Structures are given as C-alpha cells and as structure tokens.
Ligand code: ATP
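As a starting point, one isolated chain is supplied in structure tokens, in the form predicted alone.
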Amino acid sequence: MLLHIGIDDTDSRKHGMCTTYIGAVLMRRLAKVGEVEEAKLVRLNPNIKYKTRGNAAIALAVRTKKVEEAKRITKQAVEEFAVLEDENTNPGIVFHEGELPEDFSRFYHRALHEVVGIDQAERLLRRHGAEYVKYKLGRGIVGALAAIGAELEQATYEYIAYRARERWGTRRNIDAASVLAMDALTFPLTFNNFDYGEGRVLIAPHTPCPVLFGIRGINAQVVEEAAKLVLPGEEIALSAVYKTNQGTDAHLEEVSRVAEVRPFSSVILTGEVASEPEIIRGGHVFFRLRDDHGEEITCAAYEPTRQFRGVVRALIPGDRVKVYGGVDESRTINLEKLEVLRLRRERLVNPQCKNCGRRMESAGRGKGYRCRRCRTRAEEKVRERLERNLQEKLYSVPPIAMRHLSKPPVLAL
C-alpha cells in the first residue's frame, strides 16, 4: 500500500523548529516499516499573513504493509517536535492511502494562489475518506493536503543539513570561502548560494531552527555532491533531499487586466508605466501601471530589494513592461521581477529658438510657441531623443530578497 503523509504548521517564528526537520526524522523512522518513495517540500501562497517565513509543508509517499504503524510513527514525531506551546502554531497531519484524487491537485493550486480555509480542507478530506489529525486549530491540514496534492511537474531539489539538537539556537559558523568555491564549481546547476552584491552566504538561515544549511539545484545528485564541498563548522546530525517547487515561479499567474488582480494572489501583468516613479521615506519606490483596458494599479519595489529599486526608478511614463509579484491587502503589486518590453525612446518638448538656442514657451492655447527674447515662433512641439540607462530585458530582485518560489534568472534561460 502507498501511504501519502502530509504535515504542516509545526514551527514557530519565536522558537524555531522546521517542518522539513520532522520530515527528515520521519524518513529515517519510517524506513523501519516500509520504503519512502518520495519526499516533497512544497511552498504555498507566500502572501498569507499567518505563515512562518517560508510557508512550507512536506509530503512523504511511503510504500508499506504496516499502514497503522506508519501513522503512529508520524503522529509521535509531530507531537515530539512541533512547537505546540506557541499560540500561532497549529499543526495538521493528513493521511491518504492509494491513488490521489484530482481534487487534491486542484486544492494545491488553490493553496498556491488563494487564501484557503480549514473548513474547505476538511470537506475535501471527508469527501475522499482521508484521515487527518488536527492539533489545536489544526490549520496545518491545509498545507498538509496541498503538499500531498502537489504534482511538481516543474521541480527543483534541496539538500538540507540539520544540526545536533544541542546546537539549535547557537550561531552557525559555515566557512564562506567553501560556499564560494562550491558555487563556482556547481553554478548554475545549483543556485542562490551566495549574494555577490551583498557579500552574503545564502545557504544558512538566521533563525534558531534545526537547519544548518540548504543547497538548491536542478536534481538530487547535484545538490548532494555540492553539499560535500561545504565546510559547515560543526557536525551534520541529519540530512535529507526534497523534491520541491522552489525556484519555479509556481505561485505566479498571468492576468490580462487589473480587474483580475486579487489581494493575496501573485500575478504577472503587462501594461504601460502611467506615472513617474515616486520614492517615499524608507527608500521604497512606487509607480502606477496602466493595463491595455485603461485600468491602473500601484506597483512597489521595497527597500529590501536593494539595487532593483534603481531599475524601477529609471522607468518613465510610456514604457511598456511586464510586472511579476505578490499582491497585498491594498492590491499593490510587490515586485519580484520586472521585464522591460519596450522603452520610450523619445519625448515631445517645446522647440528651441534657432537664434538663441533657448526653449520656447507656449504662446497660448492653439497659438503655438514663441521665444520671449527673440520673438521667433514655432507651430508645435518637437521630438527629442531620450538616452536610457535601461535595457529591454528581464530584471529580478537580488538573491537576498528573492522569495523561495521565485525562479532565479539563470533558470529562466
């Protein structure tokens, strides 16, 4: 029998833990009662307010004759490691035996793009006779069900090394030079290992969780081999490789007009820049985008996106762009990428006086233009060539500001 196990919402912003760690522990324990055929790390809607940092759930597919024993082992692991004392941690487990219904796949896609309720997950689970376990509010059954249903047709892989328990919450001492050497040898088969603009190692978290480091790449063998090149500065107590939707842009949906943009979704929208970019306190940059139906929406590049804000500041009204990003409660698009499709290369300006070279001024509505000094006249504005610092290409936020689901530019080639 193939038993599908989904787990979510076991960690805590304050106290750490990581649902993938529970998955890694389970892979080892479940090997005693069967064979783990697949392990998935599934990122869901990154715009959910109550998520922990990465909004990740895990799913394991276990071939076993001891189904009830596998379920018991799973429940025991969640109860052992989940941070149940945190009021915002509400774990959930889902068990499904045999072939997965198409409804589960559809539910995964909804959980990527919408806000899905616990009651909606429960109705679907009851309809298909799946077993589930709720701890406290049990919100985790939403992610657990979505993770089981994730087909991951486009996938990357992540190798995750975990720390010995006595090291949780202490400083990590990963050798940065070894990460640079690993990146030089494995990029672009692995990605987002180091942010060269910031001089920052990206493979290690800064939370008190059990993760020591994680390496993402195009297949399982690549990430496992890359991990051998890293000098972690401490013992690796446990490791696991997950198939994942990270780096695939799975969260983004193309929409044809502003009216289709929903709060808490993630969209791709094409249109023209409708306003000069505005910089507000804190260094955030905003502009208005007008779609092909004349509807407008605000787009934002926030301070953590670093040099990407310079791209946004260089836009002018009339540029045609495609924007990619998550939508907040106010329907502002938080930019993850921006593709410049067509740059405005000219602008209409008042003509220059042929005698003195000064710009003419308007002589009044419908009366053309005149030079106040020389009294020369012209009938209409003239076209002036614009020098632009942008190129017609795809721009992305730097790796340090990239969401887990965002596809790095190197994978878009």
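Numbers for residues come from their place in the sequence shown, where the first is 1. Model, not experiment: these values are computed from the prediction.
Quick note: we don't show the form predicted in complex with this ligand, though the next part is all about it.
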Exercise. Even though this ligand is not shown here, does Leu315 get within 4.5 Å of it in the model of the complex, heavy atoms only?
Worked result: no
Exercise. Using 4.5 Å between non-hydrogen atoms, is Arg139 touching this ligand in the model of the complex?
Worked result: yes
For this session: Using a 4.5 Å heavy atom cut-off, state whether Lys40 contacts this ligand in the model of the complex.
Result: no
For this session: Tell me, yes or no, whether Lys51 is in contact with this ligand in the model of the complex, where a contact means a heavy atom of each within 4.5 Å.
Result: yes
For this session: Can you check 287-295, 142-150, 189-197, 97-105 and let me know which stretch has heavy atoms within 4.5 Å of this ligand in the model of the complex?
Result: 142-150
Exercise. Which of these residues, Glu114, Glu234, Glu260, Glu131, gets a heavy atom within 4.5 Å of this ligand in the model of the complex?
Worked result: Glu114
For this session: Kindly confirm or deny that Asp8, Asn45 and Ala56 each have some heavy atom within 4.5 angstroms of this ligand in the model of the complex.
Result: yes
Problem set entry | Residues within 4.5 Å of this ligand in the model of the complex, restricted to 226-251 and counted by heavy atom | none
